[in-house]
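Form predicted alone, single chain, as structure tokens, below.
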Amino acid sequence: MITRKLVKATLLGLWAVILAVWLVYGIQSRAVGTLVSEPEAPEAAETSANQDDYVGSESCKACHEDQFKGFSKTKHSQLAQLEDWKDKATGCESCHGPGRAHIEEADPTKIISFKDKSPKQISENCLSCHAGKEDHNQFRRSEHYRNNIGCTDCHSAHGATNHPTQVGSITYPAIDSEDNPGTAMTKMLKVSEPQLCLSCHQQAKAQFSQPFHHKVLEGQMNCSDCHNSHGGFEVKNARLSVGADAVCVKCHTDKQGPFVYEHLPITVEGCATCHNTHGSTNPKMLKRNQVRQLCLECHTEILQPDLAPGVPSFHRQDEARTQNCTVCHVRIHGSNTHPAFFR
């Protein structure tokens, strides 16, 4: 006869087996993950116990003159002047490690080289200093990181090689670069930001070449105005931390609510419900070539007046004078005066 105690003991035994299997599987998975994962790059920014091993960046200049010239114009070269870096290694050795053995023995293996390191290993070295900032906190979960795009694929630690105020249709010279022509390009990028992004995201270049588009190719705005290239929680790494359309309304301030009467598609789905964000062949970057086409995708009752007796007769779609919805409903993004979005 099966008793309650026997059933209880059986369930407890089954639960103990499941728990044991789960623990063993977790330990094995962690061990396998440790074996296949790439070793992290050493954090060379902190000083070694033996200060005599550090010889200073000037010692690197004799052999690496071109890199030293570019590096001397970057913010990295100025770390020694900061109080927070007083007791830390600065200059070339902050990333490459102490250089005395490398110089005295002329041995390339006596210095940290990034030529044979993977993008993830290089990025870990950069994040040892740059982690903790808002733009970098999510880099390890970004699409770039997962697809082996590291920091040095976009940034040059030794400074940009091209002139910072180079003229071009998709070259954006930063204000700092214009005021100081001798300095490296903004954010130590290898080329200007639009050029850099479009070198991989070529489909976006075609979209920005549409008749109606955001002025990225003209240099009036950057990709990073809307996207965080170092990662984020939103789709396409969009900067939407404070609302569904935070990126859009920071420029299109007249469309920012809250409104007394809200247009629900905008409130729920956002601007991309009706607009192509990069560019379009239609005015105002709309997804359809006529405004009424967008409206009728939701307001289908207008096309079936027999099934919707409350629809006014002046919504006839076979007459040109009543086809353009926004002639009357001008506050289509939201209104503070009328629920039908009249003026």
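This one's a predicted model, so the numbers in the text were calculated from it and none came from an experiment. Numbering starts at 1 and follows the sequence shown.
Although it is not shown, the form predicted together with a small molecule is what the next lines describe.
**Student:** Does the 4.5 Å heavy atom contact test between residue 343 and the small molecule in the predicted complex come out positive?
**Tutor:** Flag for residue 343 set to no.
**Student:** Taking the shortest heavy atom distance, is residue 86 within 4.5 Å of the small molecule in the predicted complex?
**Tutor:** Residue 86 lies outside the contact set for the small molecule.
**Student:** Taking the shortest heavy atom distance, is residue 67 within 4.5 Å of the small molecule in the predicted complex?
**Tutor:** Yes, contact at 4.5 Å.
**Student:** Closest heavy atom of residue 277 to the small molecule in the predicted complex, within 4.5 Å or not?
**Tutor:** It does: once the small molecule is placed as it appears in the predicted complex, residue 277 has a heavy atom within 4.5 Å of it.
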